[in-house]
Every structure is written in C-alpha cells, then in structure tokens.
Ligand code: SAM
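Just one chain is shown here, as structure tokens, and it is the form predicted on its own.
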Amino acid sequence: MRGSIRLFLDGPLASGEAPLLDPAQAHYLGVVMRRRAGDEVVVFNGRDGEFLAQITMLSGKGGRLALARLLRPQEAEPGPWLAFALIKRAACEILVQKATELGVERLLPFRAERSVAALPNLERLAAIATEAAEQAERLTRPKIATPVGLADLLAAWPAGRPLFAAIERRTAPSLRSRNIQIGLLVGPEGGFTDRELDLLALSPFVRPVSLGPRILRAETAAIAGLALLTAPPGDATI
C-alpha cells in the first residue's frame, strides 16, 4: 500500500499474528502521526515480506497490531556494498541515511590512517538505517559492520566482488557499472596515505575510479558514487 506509514518490526510476521509495538513506535503512531485504533499501517521485518496491519491498541507503554494480509512477499534486495572511512557523527549519519535510500546492501565503516572521528554508535546508525528503509519502501535494511582497519577490510573482501575505490587527485576512469554486485570505497577527508594507496594497489579486486573533477567531502563522495552506481541505464531525458 504505497504512501502508508511503514514500520520495521523485529519479530516474525504472518497473517493473523498480533505483533507488539515498543513505546517509541506507539508514540510515533499515536502522538506524531495522530493514528488511532482501527487505522492501518504497513510493516516489514526483512525476512517475511510486507504486511498490511491494523492498529488495535496504543498506549504510553507500547501497542499492538493485527496483521491482515501479505502485501509483498519477501525478495532479496541485492545492492552495492559501501566501505567508508570513519567521519564525524553528523556526516556519518547523513551518509547512512542516504546510502540506505539508494539501496546499499552493506555498510562497512573502516579506520583510515587519517580518520579523526571516534568509533560510531552502531545502534544509532542502525536506527537511522531502519527509518530510511521504512521511508524508501525497502523490504530489507542494510547490514552495518563493526569498524575495522583498511588492511582487515581488504583481507576479508570477497575477491569476486569488484571494489571501486574513489581516489581523489588521481587520473582514473569515471565510475560506471551496470553490475550491482560491487563495492564502493571512499576514503577520509584528508585522503589516503601513500601506504594505504600501496595497499589498495596490491589488491587485485580494487579498481580506482574518478567521481569527477571536484574534491568532495567524504559523505558527498559516497552519495554521489552510489547515485552513479544505482542510476537506471540509458540516457537521461528532460
């Protein structure tokens, strides 16, 4: 049901079930969105598909729904993986939100030598990704990995998945691909160090790419790169 309020629920979903809402979800429905018992919402959990549900109870302590019928069966939502150097909290939250809206399958933060940001609050980032998945009408939400160093990220990267590395101030092909089974890697604000560039050059699945002539902030580079990767093929028309 397009345009309806959508909520992500952790528990199993099936027609006839009566899942519970936590206090935050009940507050959102009742206070923010002015919904009442009898109103309809759409729910999903990333595993069982998307269901139409009816609100049966809302209170300050939580709420309850009644699942009516399946709207969309669960489908895989393959998408690019985004590896990004740790950046400041506000920029990181924007990046996670927009990357989720653009269909990223996995978010892989890593520590670069020039990273200055502290480790992110992964629970906060997961909540932002959940809200973005609700808004974007996704059936899934991206997985967010625990940050690791660049060397560990590359060591664990599947060799069959090309990793496009956006490296500034280097001559490289423009970012273009119709294959969504790929990855995009974006470095820190200060760029990669020579040692990190050598590490990338030694990884056979890494392909340096250009995002254009401008020097972009890290979050802008990630969003611009994902937009290029997920744009429908064909020429744009006005």
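The numbering used is simple: start at 1 and walk along the sequence shown. All figures in this text were calculated on a predicted structure; none of them were measured in a lab.
FYI, the form predicted together with the ligand isn't displayed, but the following is about it.
Find out whether any non-hydrogen atom of P188 is located within 4.5 angstroms of the ligand in the model of the complex, and reply yes or no. Yes, P188 is a contact residue.
Quick one: does L21 come within 4.5 Å of the ligand in the model of the complex, counting heavy atoms only? Looking in the model of the complex, residue contacts with the ligand do not include L21, since no heavy atom lies within 4.5 Å.
Does the 4.5 Å heavy atom contact test between P204 and the ligand in the model of the complex come out positive? P204 lies outside the contact set for the ligand.
Taking heavy atoms and a 4.5 Å cut-off, does G60 contact the ligand in the model of the complex? Answer no; every heavy atom of G60 is more than 4.5 Å from the ligand in the model of the complex.
Note which of A26, L211, I55, V42 lies within 4.5 Å of the ligand in the model of the complex, where distance is taken over heavy atoms; exactly one does. Checked against the cut-off, the match is L211.
Heavy atom within 4.5 Å of the ligand in the model of the complex: which of L154, A129, L107, I167 fits that? Just give me the one. Contact residue from the list: I167.
Just to confirm the contact call: exactly one of 117-125, 135-143, 159-167, 94-102 touches the ligand in the model of the complex at a 4.5 Å heavy atom cutoff, so which is it? This holds for exactly one stretch, 159-167.
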